[in-house]
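Two forms of a single protein chain come next, each set out by itself as structure tokens; they are called structure 1 and structure 2.
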Structure 1
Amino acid sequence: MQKLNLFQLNADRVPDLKEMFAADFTPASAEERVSATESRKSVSYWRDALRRFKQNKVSMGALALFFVIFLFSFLGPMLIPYNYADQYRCSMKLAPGEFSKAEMTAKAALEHADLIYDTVLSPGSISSLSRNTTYWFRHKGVTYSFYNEKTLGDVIVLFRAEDADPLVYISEKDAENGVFDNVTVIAYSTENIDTRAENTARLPLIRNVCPHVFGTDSAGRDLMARCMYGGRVSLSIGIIAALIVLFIGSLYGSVAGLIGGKVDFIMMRVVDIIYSVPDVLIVLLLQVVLKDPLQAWLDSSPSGFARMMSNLGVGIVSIFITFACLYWVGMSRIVRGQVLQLKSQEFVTAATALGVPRSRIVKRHLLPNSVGQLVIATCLQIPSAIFLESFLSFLGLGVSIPMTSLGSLCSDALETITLYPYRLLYPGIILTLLVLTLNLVGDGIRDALDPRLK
């Protein structure tokens, strides 16, 4: 038996023989051996992808920002009192945050108001009194005045005369004479100021006029409201167009891929030709060509579908049609590639060899493996659709007035760009952020689903 010697290369480390010999040399049991290795939990593909996405700070930030824009576009219009189409003639060409004279008056009035009533306009009622004038009446020894505020919509503002600053809104003659002491107003239930009159509803007392955060345009439309609606239109177009592309593309691609052979060859040559056609030229032509016949069809067709379409506007519908005609080719190539690749993959062959039924192969193997690609392609299709729509609208070929989109807002702003650059800036920034966040989210999903592609 050879003597215990540390290997020559490690000679500098002298072993402690005593300590070594003191060790436990009894054989280890199988359980002990197994417990020495901790096995890591295996994580499912989707859970792993979700984890990777969550770890990606940029994508998460982009997703959050996207939600902000989404809420701005879809919830925003409910929160502000302005509408994208309404023209407030007294508040034209306002800078961001600026108030017009009428709005300043209203603001001042509201600061002292006791109550605000909503009113429905009907002949002979308060609304028939001339605008922006203050009217007075006495009730149980207290002088009240009321004010029909146009800038707030159709709202009657009531306040005690003593509290109000007479200089701002009293037309002196009326105040001195107390002409309106018991006029029409009585009909609006001033007997008891707190009870509701017919056709009126009590509104929460807002002491402020909603500012035009982004200013107004030359026709007195609130730009923020228009941006919200524009964002809504752009987003909807992007999502719907992407879905159309996904549907047509995957149908065409999977048919070509599954059938294969001559059919596949011919179908793919068609795709090749459409692919090499300069798309934007054809899109522009289609936009022009489609507009009139489409309008005629929408006007004549009684079906609910057509009515819905005509609500959207001809411009938007023709954008959808151009997407359906031209943009599915990229998607169909992806899908066909996936189908072909998966058809020949070892695990599919293995599953077939094991006798797994076809439906199960598709469900368990083909779908999860190709869904990633489809999700990524669809995600990245949305911003490109938004881009195209804004491009068309910018050239004056997309959505038509009074409907708006971010692109047409930019286009409108171009005429007066040197005077009012912010009119282009706000929709431009929203459009950029929208495309940016969607791109980043799409990239994040791609990296999360397929880390090899990174």
Structure 2
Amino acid sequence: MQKLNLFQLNADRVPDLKEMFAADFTPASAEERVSATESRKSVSYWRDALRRFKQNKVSMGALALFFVIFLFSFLGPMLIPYNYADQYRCSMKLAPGEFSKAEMTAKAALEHADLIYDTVLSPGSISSLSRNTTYWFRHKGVTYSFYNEKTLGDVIVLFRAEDADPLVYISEKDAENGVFDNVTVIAYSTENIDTRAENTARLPLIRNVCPHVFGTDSAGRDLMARCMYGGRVSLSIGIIAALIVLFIGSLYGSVAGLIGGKVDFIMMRVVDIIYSVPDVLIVLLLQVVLKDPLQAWLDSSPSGFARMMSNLGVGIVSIFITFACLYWVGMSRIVRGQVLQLKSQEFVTAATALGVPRSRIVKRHLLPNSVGQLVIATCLQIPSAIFLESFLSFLGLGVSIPMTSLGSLCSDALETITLYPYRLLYPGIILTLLVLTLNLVGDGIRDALDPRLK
């Protein structure tokens, strides 16, 4: 039996395709081509969000101020000769921009020399040139060394390189008027020496005397250097704590929202219980319970991470543990809401029908589509973490001495607030501007990523 082709039976009813195309499709005119031309290139979601963020003048101004504070905290310590922990016994309780008597004497000495070393300007409670010690310093690639036979206390070593033969001399200071007395020329050598040998020390010469812009505290520590390091510690703690919250909260919320049912109900009740726990009480309990074990681990562990945590102290480690235990609950609720909204979408249904594992659906579909909310929540979590760390350091539960933070600086300034109010003013202003700018930047990012929230 011969098989019939359906297209052969209906051949008479099918019109000529060439005639149909010629009749229905005609070339576009010049006006039609102009109207069909793309008026502007399409932009991505993030580029469009960046454009909206740039239009927010308040957030852009806050971002610029935040970068100034960031550079002040992280690059500022490289530009000043003072360290946050160094104590200068001649510079105690100085007002902002004020010079001590020893610093004025050093400035006068620099008028007669290119480089100087003043025993009084050296950090520490007691500083002097030790006897039977070879001191050395470098200038323009040349190493100068000299041998000191006796202990010298309040003296200045001066180096003048203007002459054909550089001159190194030492001078004692008159206690009454600060003029130089008993000037002695030092016999030096320019031969290479073993700088790591015993009874050998480097002489840190200075070219100019840097003022204490923010003043000094009762221990002779430079307040601007301490504010720089305090801002660095507060910012680092805030960013690390926000990342901890982001990791734990996004993982917990995505699992609860994707599985749903009884698992979601139980996980959310755990979140409700954690919400009711006071965070300050947990920090106190963690410090009491974990202080000795943590300190023993930090002292015995050879890893670099343990050394870094040891410098911050057990209090900061307790703050990190508190954020890991408590502060992720808000992030988990945000992620859970996003997952509940997204898991009913067609692309998630298609991935489930194809047998894609749930872990891959979370990593490749749900979390990337929730990144806008995650960025907003993380940006707003940073100032919250900074404020909590400053509050705990203000109470004495944060960083350990000699490390400092903005909160501990404010706490130290309370003892002398009536005599030296500027000690509280500077760290307080930096902390206020830091938290305010981060909140304004977070609000601008929220409005840029989701304009419907305006």
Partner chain sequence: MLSYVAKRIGVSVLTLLLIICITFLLMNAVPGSPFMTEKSTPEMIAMAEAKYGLDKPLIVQLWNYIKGYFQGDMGVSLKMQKGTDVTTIIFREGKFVLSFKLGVWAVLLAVIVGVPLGCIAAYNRGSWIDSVLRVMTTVGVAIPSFVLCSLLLIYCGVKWELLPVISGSLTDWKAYIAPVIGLSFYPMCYIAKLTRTSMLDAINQDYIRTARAKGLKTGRIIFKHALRNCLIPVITYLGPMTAGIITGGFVVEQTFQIPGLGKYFISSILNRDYPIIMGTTVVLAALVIMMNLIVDITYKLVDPRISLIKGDS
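Note that the rigid core is defined as the largest set of C-alphas that superpose within 1.5 Å between two forms. Throughout, residue numbering runs from 1 along the sequence of structure 1. What you are looking at is a predicted structure, and each value in this text was computed from that prediction instead of being measured.
- Structure 1 derives from the form predicted together with the partner chain, whereas structure 2 comes from the other one.
- Relative to the superposed rigid core, Leu281 undergoes a CA displacement of at least 2 Å between structures 1 and 2.
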